[in-house]
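The form predicted alone is given below as one chain in structure tokens.
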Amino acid sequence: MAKQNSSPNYTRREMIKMSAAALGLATFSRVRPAFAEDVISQAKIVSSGEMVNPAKYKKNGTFRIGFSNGFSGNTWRTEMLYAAKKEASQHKDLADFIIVDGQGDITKQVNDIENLVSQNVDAILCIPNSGSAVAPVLRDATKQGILTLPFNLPVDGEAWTAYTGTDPQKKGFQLGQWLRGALGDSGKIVALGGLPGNSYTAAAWKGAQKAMEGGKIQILAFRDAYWEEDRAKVVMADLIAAYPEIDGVWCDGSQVAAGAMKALIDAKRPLVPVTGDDYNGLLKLYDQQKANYPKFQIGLLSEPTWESVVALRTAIKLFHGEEVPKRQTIEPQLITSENYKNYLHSDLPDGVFVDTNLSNDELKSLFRS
């Protein structure tokens, strides 16, 4: 699957044409999402008390929106980006949707955002590689009257317009609690995260460590695994070689978790309790292997790929003169060994993240090999 590593300037007409070609349709129509009639409207999204006044952002004509994607090296980003493009194509007053890819490079992302500012965009969506590194450039853009809407990964401070995402520290704490319980409050674990220095993993791992305080859980090691299954498999193989006993694996993402479990299988070691999110590949692996490994359990909290849609809609609401919350926190879906079959889709590719607003047909087309 090709990475999104260019920075095209899509007109609305070009977006519709491009997206329709991927689906084999003339235009986007309302289709049945994979797991609910309207996933976003049914989701629990908690709004902060502080609201953003739209008075200085309201526009009567068309507007231009930029999106700084920190990197695009996994299928969550692929799915998220597709959902954003689809949403953008449905708004007639969105004249341009400019997408730039930081390629995992913090400096490049800062430069990308500065370039979007120089192109006179009206709003900037952003998934930061580093919440601290992008904070100053987003603050400067906000001061210039540009809407700034980080989502998915937190940004330091509050010098941005509005934020959308789950609470990574809370999620990390809950995953840590689950793993502690699955191990009976005693055991040796390793932990795998995402990109080095990213704010999501940092917050989630902080929460996980807090959850394990006062117990008999021994943390052997923490490693960055870039949210990539293949890389996680290599990282986990090294950990297996270093530690003869691993009783559990804490991960903030299930692509990483799937790679870790496959490394255990290759090493002929038993599968153990593992945490993560809503990656179909891990759900399929659990379904295939649970009978072979009695201690194999999963405790997962979803990370919705439709966060990009909510962020984009938030910008558009402000342009239309609607008040919006400063912060929108999405409550993730809990997936365990007890309810995983409600989320498992054996007929869809491993790469699918199941907390999605895309249809099965869209997902099959998107991940067609």
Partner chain sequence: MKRIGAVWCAVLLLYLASGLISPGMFQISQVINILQVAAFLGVIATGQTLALLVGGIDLSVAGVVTMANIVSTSVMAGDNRAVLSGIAICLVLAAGVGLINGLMVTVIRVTPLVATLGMNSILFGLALVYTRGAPHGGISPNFAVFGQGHLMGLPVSTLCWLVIALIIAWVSRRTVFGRQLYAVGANPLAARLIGIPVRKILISAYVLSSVMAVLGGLLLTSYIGSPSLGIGDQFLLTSIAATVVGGTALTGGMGSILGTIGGTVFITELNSFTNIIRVSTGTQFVLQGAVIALSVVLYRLLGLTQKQQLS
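These numbers come from a predicted model, not from an experiment. Positions refer to the first chain, counted from 1. By rigid core we mean the largest C-alpha set that fits within 1.5 Å across both forms.
Below, we refer to the form predicted together with its partner chain, which is not included among the displayed structures.
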Any non-hydrogen atom of residue 117 within 4.5 angstroms of its partner chain in the model of the complex: no
Residue 237: touches its partner chain in the model of the complex, heavy atom cutoff 4.5 angstroms: yes
is_contact(residue 73, its partner chain) in the model of the complex, heavy atom dist at most 4.5 Å: yes
Residue contact check: residue 229 to its partner chain in the model of the complex, 4.5 Å heavy atom: yes
Listed residue (161, 78, 297, 89) with a non-hydrogen atom within 4.5 angstroms of its partner chain in the model of the complex: 78
Position in contact with its partner chain when the complex is considered in the model of the complex, options 157, 270, 136, 196, heavy atoms within 4.5 Å: 196
Contact segment among 165-173, 217-225, 146-154, 270-278, judged by heavy atoms lying within 4.5 Å of its partner chain in the model of the complex: 217-225
In the model of the complex, residues of 317-352 near its partner chain [heavy atom within 4.5 Å]: 349, 350
Did residue 227 shift 2 Å or more between this form and the one not shown, C-alpha, core superposed: yes
Residue shift check between this form and the one not shown, rigid core fit, residue 284 Cα at least 2 Å: no
Residue 193 C-alpha shift between this form and the one not shown of 2 Å or more, rigid core reference: yes
